[in-house]
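Only one chain is shown below, in structure tokens, and it's the form predicted on its own.
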């Protein structure tokens, strides 16, 4: 019989589950987010209560075995939200603690190779968001942007935007995951709130954004359209640098 550990979807929750695996010396074990759990007659489910102290002990233990860069890789892989990724992370951590030598680059292990590939995918998505996020000034004086990335990269974006837009209040909101990061001129905080997707509707623009902002967006669209030279248009190259999935973030693409 397998033991399935159900956690709340947070990173501390995952580390708490991994702590339990080591503490109880569980072998046939699987870790799942609560949202992906489907109980059956052949497995024993156990609900894991997130414990920040247990999570910290696992994280600090890893710091003695692997580099900061490799720990960051584990976090990035977690943010991929791939349904089975928790068990790949568990495998990596088990091997790390049981090995006398570094296993960071042991790509003969297909799971460690997969972790490396997923981490790079998350990295690419993070850099895409850095490049393609576009802010609009709201009636409340906050620069606001929405995203809907394939991976949960928003926690990785905060430092970039804090440095780049240090002199203005801003909020980047993930429409898919219903939370955002807010900068108040001093600190970046995670905020959970409900924002309708109609915030991006042109017919509702005046409800949320200043008249000057709307006019500026329109001027930018006109400039972008008129500055293009049709005879030099290379759509294949254009899509290579700015894939279509990101066009919804760009005001110059909202014709």
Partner chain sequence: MDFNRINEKLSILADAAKYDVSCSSSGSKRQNKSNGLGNSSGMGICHSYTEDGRCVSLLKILLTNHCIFDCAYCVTRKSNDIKRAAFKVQEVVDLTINFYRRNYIEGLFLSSGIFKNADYTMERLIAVAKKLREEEYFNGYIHLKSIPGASDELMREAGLYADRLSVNIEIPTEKGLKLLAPDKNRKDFIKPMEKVKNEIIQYKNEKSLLKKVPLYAPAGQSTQMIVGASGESDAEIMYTSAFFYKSFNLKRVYYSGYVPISHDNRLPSIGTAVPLLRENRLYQTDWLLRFYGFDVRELLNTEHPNLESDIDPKLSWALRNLDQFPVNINKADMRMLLRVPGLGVKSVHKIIAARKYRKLNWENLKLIGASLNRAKYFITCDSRTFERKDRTAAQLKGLIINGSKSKFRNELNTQLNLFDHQNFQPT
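C-alpha atoms forming the largest set that superposes within 1.5 Å between two forms make up the rigid core. Positions refer to the first chain, counted from 1. Since the structure is predicted, the reported quantities are computational estimates derived from the model, not experimental observations.
In what follows, reference is made to the form predicted together with the partner chain, a form of this protein that is not presented.
- Though the partner chain is absent from this view, in the predicted bound form it lies within 4.5 Å of a heavy atom of just one residue from 93, 133, 118, 153, which is 133.
- Among the residues 165, 182, 97, 179, the one placing a heavy atom within 4.5 Å of the partner chain in the predicted bound form is 165.
- In short, of 198-206, 24-32, 218-226, 43-51 it is 218-226 that has heavy atoms within 4.5 Å of the partner chain in the predicted bound form.
- Using a 4.5 angstroms limit between non-hydrogen atoms, residue 102 touches the partner chain in the predicted bound form.
- Looking at residue 70, you'd find every heavy atom of it more than 4.5 angstroms from the partner chain in the predicted bound form.
- When contacts are judged by a 4.5 Å heavy atom cut-off, residue 139 does not count as touching the partner chain in the predicted bound form.
- Remark: residue 192 does not count among the residues lining the partner chain in the predicted bound form, judged by a heavy atom distance of 4.5 Å or less.
- For the partner-free chain shown, 212, 213, 215 of 177-215 come within 4.5 angstroms of the partner chain in the predicted bound form, judged by any non-hydrogen atom.
- A displacement of less than 2 angstroms separates the C-alpha positions of residue 105 between this form and the one not shown, with the rigid core held in common.
- Superposition on the rigid core between this form and the one not shown places the CA atom of residue 139 2 Å or more away from its counterpart.
- Superposed on the core, the two forms barely differ at residue 202: its CA moves less than 2 Å between this form and the one not shown.
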